[in-house]
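The data below hold one chain only, encoded as structure tokens and taken in the form predicted alone.
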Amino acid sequence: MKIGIVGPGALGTFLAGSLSEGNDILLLGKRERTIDDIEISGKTELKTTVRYTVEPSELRDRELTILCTKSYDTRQAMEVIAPYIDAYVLSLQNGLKNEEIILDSIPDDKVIGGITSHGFLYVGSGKVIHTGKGKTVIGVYPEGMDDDLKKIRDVLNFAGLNVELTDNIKGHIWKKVIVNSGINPITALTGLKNGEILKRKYLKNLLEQVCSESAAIARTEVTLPGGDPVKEAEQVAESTADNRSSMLQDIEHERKTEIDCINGAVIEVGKNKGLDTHYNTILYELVKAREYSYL
């Protein structure tokens, strides 16, 4: 399959490397950089070469484009690449609203939403550590099923992404946002790995409270799949115990975080519904304060 990957960060680099066997991969970035080889270590070990470009017009013949940019770059990325896309776009990004932004640029039946619980650590251009295995869920956004998804699932599964299909991808995206609304800001503010939250009763209690608040807001928008999202947040923290969340990595490297599309988006929906956003607001404002100290 001819696949374009937009965003040469941790996830984009991993996908480019892991999908390179048996597929024609194009990795698109917005800055000139040298990526002669892709090296993945950790849970996945491989070294390969891919084609890197800064020219969005090269996406013109792609059968699938996977968007891996930070959520705050989604609109700008779509403005740049949309004129050259006439096939599926899969978002594997964090937070809410990415798919809605993509829908502004391409036909409704070509937008695929997705989430992944794999963990990655970006080391440098072309170098990533695969820190934790998980599962990936994809589906037509906001709901439904498409036979072409099966082909995409099989291609991603061959790369070891453990992909499941769903007809309720919006519900799955909200479920991940609930989990991230607790784990990400708590780890970013404390500097702790995910699993350390569960070892400190005050932080575990905070995790439960914010995820419970986020779940109540989510249920006004979607039907949440699976079981109790609060318990799932604790399970994710345990299964990714040694991971440093993406938000913590952003804080450590003094980069802009994705707090706006996670807790900020939850707050926006909650306020529109007249629901309490107390815990999300506190975490949101504390993370924004940390950002402000260096941005």
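Start at 1 and count along the sequence shown; that's the residue number. A quick note: this is a predicted structure, and the numbers were derived from the prediction, not measured.
The protein also exists as the form predicted together with a small molecule; that form is not presented, and the subsequent description refers to it.
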- Segment assignment from 186-194, 161-169, 147-155, 119-127: heavy atom within 4.5 Å of the small molecule in the predicted bound form: 119-127
- Is there a non-hydrogen atom of residue 73 within 4.5 angstroms of a non-hydrogen atom of the small molecule in the predicted bound form? yes
- Contact flag, residue 215 vs the small molecule in the predicted bound form, heavy atom cut 4.5 Å: no
- Query: Heavy atoms within 4.5 Å of the small molecule in the predicted bound form: does residue 110 have any?
  - Reply: no
- Look up in the predicted bound form whether residue 244 has a non-hydrogen atom within 4.5 angstroms of the small molecule, and give yes or no. no
- Listed residue (92, 140, 179, 96) with a non-hydrogen atom within 4.5 angstroms of the small molecule in the predicted bound form: 92
